[in-house]
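Below you will find one chain, with nothing else, as structure tokens; this is the form predicted alone, and questions on how it binds or moves follow later.
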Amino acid sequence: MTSAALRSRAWKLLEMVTTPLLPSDYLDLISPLRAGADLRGRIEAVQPETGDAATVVIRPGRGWRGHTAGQYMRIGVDVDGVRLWRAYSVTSPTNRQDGRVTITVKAIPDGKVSNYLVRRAKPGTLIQLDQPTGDFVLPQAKPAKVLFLTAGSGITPVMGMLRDIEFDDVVMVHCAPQPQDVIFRNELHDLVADRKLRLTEVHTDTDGMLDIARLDEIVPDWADREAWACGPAGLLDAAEGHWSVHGVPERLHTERFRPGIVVAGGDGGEVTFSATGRTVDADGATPLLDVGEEAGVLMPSGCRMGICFGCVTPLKAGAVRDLRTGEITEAEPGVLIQTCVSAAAGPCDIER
């Protein structure tokens, strides 16, 4: 008998002994980060960055394939007995010597996962991981001149790029309410002191919101630079318009964390997840992906921005509203919706 056949017989015997659990269930307890297991990570440290932001250091399992600077990954966290999935940019360099990866999280009001990670997560906590993805990345050939335009937590994917590559000529314009709200501020100013970065901070509490036309004054050669922008929708909309008006839209690369929300009065309703038998009330502004996760329903997803179609689900009954456009989709045979950018527009039934 071959060694492979012997291993197969031994595994079947183990399955008989450990029923109703499987041998892999016990291995998960002993070695959850082993090769061949579902991809997980172990939180090893939570390092404060600002009053409401922290960097989470994660040891990924052996199935981790690595990332490209600027990409994000989805993590699954158990919060109060419910597994919730969120996407965060990877902020560590690709060649970190200890093999750990980091995400930097800003706690948002009523954000269950972000507040858990910033304020409650402890070293030793196991989390689920997806492989990194996203095309907000640098080209293979290093650009000669670079502009980073960021605001708030939009600085996180850009920090991954700055830590990964030493640029010859790089300028950053970053917006935050006050100096103490600038994530990575000490590290950024160290780069400035070493003449590896030119930085302009716009403190919106005192300076007001950035007028995109000020780029002519702040970065006179902005149109000659390859630019990466990440932040609130208003900033990105203004940037895309500005680059288009000046005839250089191909030089601007943007990353949007969330779609813009269009809400009309009277929306919302009872949402039924027919496959799991869950029924919950939902407003007209919360994506059905979030509604399902809050209700403990397994909701597949990817980018959460309507781009990757990882969350596509049949709409069995009722109607939903596209949060980007306001368009209403009504149920009929074969209709699929993207739960990450759709909200209830009255009672509806989702096949989950």
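As the structure is a prediction and not an experimental result, all values here were calculated from the model. We call the rigid core the largest set of C-alpha positions that still match within 1.5 Å between the two forms. Position 1 is the first residue in the sequence shown; the rest follow in order.
The protein also exists as the form predicted in complex with a small molecule; that form is not presented, and the subsequent description refers to it.
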Any chance all of Tyr72, Ile108 and Arg256 sit within 4.5 Å of the small molecule in the model of the complex, going by non-hydrogen atoms? yes
Based on heavy atom distances of at most 4.5 Å to the small molecule in the model of the complex, which listed stretch, 173-181, 84-92, 267-275, 207-215, is the contact stretch? 84-92
Can you work out whether Ser114 and the small molecule are in contact in the model of the complex, taking contact to mean some heavy atom pair no more than 4.5 Å apart? yes
Could you tell me if Ala285 has a non-hydrogen atom within 4.5 Å of the small molecule in the model of the complex? no
Does Cys303 make contact with the small molecule in the model of the complex, using a 4.5 Å heavy atom cut-off? yes
With heavy atoms only and a cut-off of 4.5 Å, decide whether Ser153 touches the small molecule in the model of the complex. yes
Yes/no, Glu294 Cα shift of 2 Å or more between the shown form and the other one with rigid core fixed: yes
Closer or farther: how do the Cα atoms of Cys308 and Arg86 compare in the model of the complex relative to this form, given a change of at least 3 Å? closer
Over in the other structure, so in the model of the complex, do Pro132 and Glu294 pull closer or drift farther apart at the C-alpha level? The difference is 3 angstroms or more. farther
